[in-house]
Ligand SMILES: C[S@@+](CC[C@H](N)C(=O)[O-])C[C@H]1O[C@@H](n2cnc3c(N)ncnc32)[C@H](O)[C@@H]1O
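Below, in structure tokens: the form predicted alone, a single chain.
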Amino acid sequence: MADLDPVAALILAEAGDLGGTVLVVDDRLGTLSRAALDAGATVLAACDDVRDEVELPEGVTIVDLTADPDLSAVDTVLWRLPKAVAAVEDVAEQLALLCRADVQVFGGARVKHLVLAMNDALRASFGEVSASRGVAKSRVLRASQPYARSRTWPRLTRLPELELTVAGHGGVFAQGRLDAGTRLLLRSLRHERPVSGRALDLGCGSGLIAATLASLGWDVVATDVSSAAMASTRRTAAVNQLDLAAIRADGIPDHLDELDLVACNPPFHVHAAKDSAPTFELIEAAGRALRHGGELWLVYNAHLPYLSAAFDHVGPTRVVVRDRSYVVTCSTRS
């Protein structure tokens, strides 16, 4: 275990001997999956982020937890816990419904990312929940005795301001609500961009931007790295009887080009770490995917350094609106 990070090492130490069928949830660099394979287990893996999925080793069967996969043979779950309590509750519910009655779940994270509410989130679906001792600033939450009886995620919320219902899995950004940045962006788009065309919601989350554009008559594609975002966006479209395509992808797929509009409320985290690099990559990709004269609309925290990047990689950029926290910019592909 010398090459394991502290969280992975503690998860494996708590799980003990691995045999039978192991489900690895949200692996990083394929570490837990590789260890389970080396122990002789049959390994299933579910990664919310497609960037983690491509790191999985050969011999692993990939499953999508949002699509009700067959987990009836799973004895042990090795899980890197997400930062959001709602995401813990969402995934735990699905594990309790789909895994064996004697399944043992071992979810680990850095202590600084754990909160007591995560224990309650696990207890919503498991009868027995306990915590390991802290080791190397990491801790494992153990869960067993599943008792969940029905699926409650994604959860639906009516947003009268948009005249839309949003569906949100626990791991999506702003689950079940209209965040202030997206509100500012949508108000600007509704006011200034009534003309329809081919539009992309880049990093779609629960699909609010995509659904709004579709309701205005745009031909919309939504992309995100997250399987939970894909499931949320498709459900949002379905409950509002809107027609749009949702594609799980890191960035913009090559076949999406000559776009009239790209709209994005970009991420500034990769997992729990703050990181603006993915947004710079998205801006560059948008510059390649837009037709000449097409527009990139961004909303972001006003202190973030995206204005010059949009000008460099897309074209002339103007500030549409700014408030105390956010700025909306429009860049025209030159």
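Just so it is clear, the structure is predicted and the values come from calculations on it, not from any experiment. So that there is no doubt, residue numbering starts at 1 and follows the sequence shown.
Here the subject shifts to the form predicted in complex with the named molecule, a form of this protein not shown in this document.
Though the partner is left out of this view, residue 51 does reach within 4.5 Å of the named molecule in the model of the complex, counting heavy atoms only.
Put simply, residue 90 is far from the named molecule in the model of the complex: not one heavy atom of it is within 4.5 Å.
Looking at residue 60, you'd find every heavy atom of it more than 4.5 angstroms from the named molecule in the model of the complex. Though the partner is left out of this view, residue 153 does not reach within 4.5 Å of the named molecule in the model of the complex, counting heavy atoms only. For the options 173, 126, 79, 218, the residue carrying a heavy atom within 4.5 angstroms of the named molecule in the model of the complex is 173.
For the residues 138, 94, 212, 182, the 4.5 Å heavy atom test against the named molecule in the model of the complex is passed only by 182. Stretch-level contact analysis of 238-246, 103-111, 258-266, 126-134 against the named molecule in the model of the complex, using heavy atoms and a 4.5 Å limit, identifies 258-266.
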